[in-house]
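Just the one chain here, laid out as structure tokens, in the form predicted alone.
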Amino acid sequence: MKYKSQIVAYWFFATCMLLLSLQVIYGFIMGFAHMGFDNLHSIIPFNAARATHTNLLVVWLLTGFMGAAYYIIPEESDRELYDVRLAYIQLISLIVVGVTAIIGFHLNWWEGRKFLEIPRPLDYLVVVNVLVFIYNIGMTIWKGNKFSTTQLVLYVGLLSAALLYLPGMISFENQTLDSYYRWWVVHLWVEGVWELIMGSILAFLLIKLTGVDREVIEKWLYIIVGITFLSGILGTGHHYYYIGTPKYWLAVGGFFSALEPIAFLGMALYAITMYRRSGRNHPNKVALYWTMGCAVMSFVGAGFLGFAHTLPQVNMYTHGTLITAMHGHMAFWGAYAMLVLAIISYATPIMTGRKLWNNMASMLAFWLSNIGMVGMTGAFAVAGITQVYLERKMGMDFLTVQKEIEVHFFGLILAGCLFTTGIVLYIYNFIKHGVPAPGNSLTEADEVESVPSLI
């Protein structure tokens, strides 16, 4: 590890592991409820479980991005983090806001807007928290001894994500207007500025893991940024098809949504090309697996499956069904969850000095979680196609259809168990690394030349 202040990232990553665990638990609550076993309904109603599950996803990913920034920015800026104490205060306040929001969901204290359910007073605290974070990494860059494309793209992505949170705080009495601006947050995050964050973290990992020249990797990064903005901004239109907006959004949304897979395909080709040009035999193979897996699975989930149901002629039947859940699970997993797990897999051994990167637990964690996610995506696909046919084509009642598709959630639960086994192994390996201690970190020479532990 190059700078002592990078240890801050460890505590953000540890928080990620806790929040991911909670998200998985609430996923099972929802899965069993879909099967007809909603025995917890009086304690945790389905709507509270769903809001908790989706918001935990957003929060643990953002926490992971913040941890990644606290690890990457000092190294890319060639200096210690501007204010370590401020980073810890920011983490604690983020945890307090998150815990308060989850408790609020269970007490019906929320806004009721998908992905933006947290109560309005907490919105202001989130804004303050993110401003502190942006200030801290911004000052690190400003006072840094060097600048790089990777650090600047990461900073622009994080800053843009903060700015695009603001439209979601505007209140409208008109449902169409409210939904219109809500997507400025949700879509322009996950299919816009988060892709800048994804591209920059991928670039950092590929530089470290493959040894390919930085100039070559960062030229690809410029191309991906361009494609992302070309397709992602107007691609927001696929959320505007049937909410009361003008008809031209059918054409605009359909055309630019069809271009969105190109950005994710570009990232996949980018990662594969850099790997094939690799000039370094890095011992941390599992971090490379997560990095390459992120690039490939994001294309499958966000690119291909997104394209499959955002065409207006298809989306007329699939919107608001489990087809959306099919796309959403694989997209978030491939594009962002695997990315966070990749940077954690790379940085944790360096921060703790323990080379637990290619042991059985870490390898099984990768394969079981990915196979499990593919299984869950398949279960959602079968249930969703059945739902579309029965509900949208045959005109059956919504609740009647939900009863008919309960059987498909048995397969979802089985796949979820496989996925969860992988996540448990990942968290076990993370815990086994121990807590960073002064003098125990690895240098870059140790990182590249050492022989990986097989214990």
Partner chain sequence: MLSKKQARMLFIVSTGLFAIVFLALTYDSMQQIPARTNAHNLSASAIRGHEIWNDNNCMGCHTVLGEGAYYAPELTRVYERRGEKWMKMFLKNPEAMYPGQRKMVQYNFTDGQIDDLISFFKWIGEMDLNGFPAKPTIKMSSAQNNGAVSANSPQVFKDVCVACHSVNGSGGNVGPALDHVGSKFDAAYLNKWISDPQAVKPGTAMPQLNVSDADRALVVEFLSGLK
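All values reported here derive from a predicted model rather than from experimental measurement. Residue numbers count along the first chain shown, from 1.
The protein also exists as the form predicted together with its partner chain; that form is not presented, and the subsequent description refers to it.
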V225, heavy atom within 4.5 angstroms of its partner chain in the predicted complex: yes
Might D123 be said to contact its partner chain in the predicted complex, defining contact as any heavy atom within 4.5 Å? no
Would you please decide whether T236 lies within 4.5 angstroms of its partner chain in the predicted complex, comparing each non-hydrogen atom pair? yes
Find out whether any non-hydrogen atom of L414 is located within 4.5 angstroms of its partner chain in the predicted complex, and reply yes or no. no
Heavy atom within 4.5 Å of its partner chain in the predicted complex, from candidates L159, A308, A325, L368, belongs to A325
To verify the annotation, which of these, I243, V296, V186, I95, has a non-hydrogen atom within 4.5 Å of its partner chain in the predicted complex? I243
Looking in the predicted complex, is its partner chain within 4.5 Å of a heavy atom from each of A258, L265 and T421? no
Here the chain appears without its partner; judged in the predicted complex, the stretch of 359 to 367, 136 to 144, 106 to 114, 74 to 82 with heavy atoms within 4.5 Å of its partner chain is 106 to 114
Of the residues spanning 374 to 411, the ones with some heavy atom within 4.5 Å of its partner chain in the predicted complex are Y389, R392, K393, M394, G395, M396, D397, F398, L399, T400, Q402, K403
